[in-house]
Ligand code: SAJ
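Next up: a single chain in structure tokens, the form predicted alone.
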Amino acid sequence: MVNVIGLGYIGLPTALMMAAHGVKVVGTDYNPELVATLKSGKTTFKEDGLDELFADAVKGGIEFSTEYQVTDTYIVSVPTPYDKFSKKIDACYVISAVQSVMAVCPKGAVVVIESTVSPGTIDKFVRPAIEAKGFEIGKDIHLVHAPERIIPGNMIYELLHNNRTIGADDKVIGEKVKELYASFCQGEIVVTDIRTAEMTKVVENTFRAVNIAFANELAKICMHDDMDVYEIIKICNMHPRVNILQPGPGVGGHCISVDPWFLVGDYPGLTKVIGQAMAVNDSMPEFVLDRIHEIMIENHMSDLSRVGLYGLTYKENVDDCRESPTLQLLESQSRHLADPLKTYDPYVTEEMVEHQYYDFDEFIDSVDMVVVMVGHDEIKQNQHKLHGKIVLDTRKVCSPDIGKVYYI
């Protein structure tokens, strides 16, 4: 039996996928309301294919509990935030989960850390937490790192098809864990050491962050001299060895906006490019806020209450709001002591901020200027309703034919 610890955006799909492919699974989470929801037969967030996978997992016998189980394999998939001041990882959730596992696990158990961690985190925090409970690593407890590699909005497909990395002290144990993931994973599964596995996951997300920062900085340059950044990127990408990403209002989610800071925090003198790239990405919500003010002045607008932000999530067609550029923009605006802008997101049904709308038409009717922060399918399909509005489109999803449209 596998005990999956943490039933959030990563842990729940992983537990469901294993159970749906013949693995006996108990999913554990400290949140009794979340566990009760799952026991009632309902999922806890929206994701294409998740409900169908949930049904298959229930048929496969998955169970949910707030209690840690006595078993031979544990998968720890809990959040790993970072300290915004020091930029270093906060491993408290991982440490707490491991300590709870040590309280119930038998000798010989395998503990798999799926949470994304900075290089050296397992050596600095996880090993000491295990040894403090009197276990000898490699004999009493076997330690593995198998970083997740999926993205909200395409989780189910990526769980099945993405390549995976298994980092282990003992290659025999690594191969055993590889077999477990191979129960559902159709991609290539590489077995390596733990520190390499830690580094590869963080480097993957850092690569993306640096390339996004280049596109965002290019947008600022083009804005300065009144050039079309999208046309320039399109032409440059015709070169066979060039693939510039699209600029946007910032970077959100719990991977690209967070993980590179782990490297900056741990290697401050060696991460000048990475640190500057993260600073560029973090500056984009403020840049969008400045653009809003510029456009308002150009159009003789003075009332911020007539400006609405479309989209609260960090990417299109998901309900995940973690580190979203919209929330970053609103936080920046609050520092200017201004009233919050109006907001609306079709995927966010609970109140997150002030002046939040829950109906698209009511939201549009309440504003004169719409700032498209997220390119949900809804706005693409209903952009004709923006006729007569001033539009700042940070995602380049609206046609200029609908009226007065600005881009970043």
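Since the structure is predicted, the reported quantities are computational estimates derived from the model, not experimental observations. The first residue of the shown sequence is 1; numbering continues from there.
Below: the form predicted in complex with the ligand, not depicted.
Novice: Using 4.5 Å between non-hydrogen atoms, is residue 152 touching the ligand in the model of the complex?
Specialist: Contact with the ligand, yes.
Novice: Test of understanding: in the model of the complex, would residue 74 fall inside 4.5 Å of the ligand by heavy atoms?
Specialist: Heavy-atom contact with the ligand at 4.5 Å: absent for residue 74.
Novice: Though only this chain appears here, would residue 271 touch the ligand in the model of the complex if you measure heavy atom gaps against 4.5 Å?
Specialist: Flag for residue 271 set to no.
Novice: Would you please decide whether residue 262 lies within 4.5 angstroms of the ligand in the model of the complex, comparing each non-hydrogen atom pair?
Specialist: Residue 262 lies outside the contact set for the ligand.
Novice: Please name which of the stretches 199 to 207, 288 to 296, 96 to 104, 183 to 191 has residues with heavy atoms lying within 4.5 Å of the ligand in the model of the complex.
Specialist: Partner-contacting stretch among the options: 199 to 207.
Novice: Consider the chain as shown here, without its partner, and state which of 256, 126, 117, 278 has a heavy atom within 4.5 Å of the ligand in the model of the complex.
Specialist: None of the others qualify; the residue that does is 256.
Novice: Between the options 168, 219, 321, 212, which residue brings a heavy atom to within 4.5 Å of the ligand in the model of the complex?
Specialist: It is 212 that has a heavy atom within 4.5 Å of the partner.
Novice: Contact check in the model of the complex: 148, 245 and 250 versus the ligand, with a cutoff of 4.5 Å between any heavy atoms. Do all three pass?
Specialist: Result yes, every residue of the spot touches the ligand.
Novice: Could you pull out the residues of 300 to 320 that have any heavy atom within 4.5 Å of the ligand in the model of the complex?
Specialist: 314, 315 sit within 4.5 Å of the partner.
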